[in-house]
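A lone chain, given as structure tokens: the form predicted on its own.
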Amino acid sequence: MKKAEATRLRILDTAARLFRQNGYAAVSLRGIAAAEKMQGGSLYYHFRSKEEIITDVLNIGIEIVHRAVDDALAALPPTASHDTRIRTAMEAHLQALLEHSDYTSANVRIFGQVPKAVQKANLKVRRAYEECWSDILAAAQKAGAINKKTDLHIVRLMLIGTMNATLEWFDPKRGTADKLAAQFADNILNGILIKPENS
């Protein structure tokens, strides 16, 4: 990796950490430069604006989770059940989100805070990941593993939104991401209500 590329990545790492900890509005280019112990002007050699930095941070955050899910699914045998595929994707998402990166946490926590232009710039990467889940769910529904009447758009929003919300309350001292994923999957795939025998 060239020096300029390494410096750019280090700046993004620092920015992701600061955005995750402090939110979008509280982080400035000057603050990022100070955390990197570099002159503010030097930052402009690598990034033209705060918006460019946050766009990269948001994109990387989604790409990390997307790659984790793709890799986990690719490691499954072709005969894996749809139940297994959904559980595996959920576990990979939660592990990437909760255990591995300031980028993934920053993406979830500050997306609603950033300017509309930044949100728009992030849409291509965001929609690519949403399509990943749409494909997983559509394949399961086509095979009869999901009720034909189920609205997959709603299911996808519910799954991703519920998993992302764990950032606000998950305590690694009380369990692991894979255990949480298993509990989520059991509740979502198997339901929480017991139907009466005569229903």
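Given the structure is predicted, the values throughout are model-derived calculations rather than measurements. Start at 1 with the first residue shown and count on from there.
Below, we turn to the form predicted together with the DNA, even though it does not appear here.
Undergrad: What stretch, of 163 to 171, 47 to 55, 66 to 74, 136 to 144, brings heavy atoms to within 4.5 Å of the DNA in the predicted complex?
TA: Flagged stretch: 47 to 55.
Undergrad: Any chance V155 has a heavy atom within 4.5 Å of the DNA in the predicted complex?
TA: Heavy-atom contact with the DNA at 4.5 Å: absent for V155.
Undergrad: Is I60 close enough to touch the DNA in the predicted complex, meaning at least one heavy atom pair within 4.5 Å?
TA: Heavy-atom contact with the DNA at 4.5 Å: absent for I60.
Undergrad: Would L159 count as a contact of the DNA in the predicted complex, using a 4.5 angstroms cut-off between non-hydrogen atoms?
TA: Judged by the heavy-atom cut-off of 4.5 Å, L159 is well away from the DNA in the predicted complex.
Undergrad: Would you check, heavy atoms only and a 4.5 Å threshold, whether T150 touches the DNA in the predicted complex?
TA: No.
Undergrad: Taking L98, S105 and K120 as the candidate spot, are all three within 4.5 angstroms of the DNA in the predicted complex by heavy atoms?
TA: Zero of three within 4.5 Å in the predicted complex.
Undergrad: Can you tell me which residues in 12 to 34 come within 4.5 angstroms of the DNA in the predicted complex, by heavy atoms?
TA: Those in contact are V27, S28, L29, R30.
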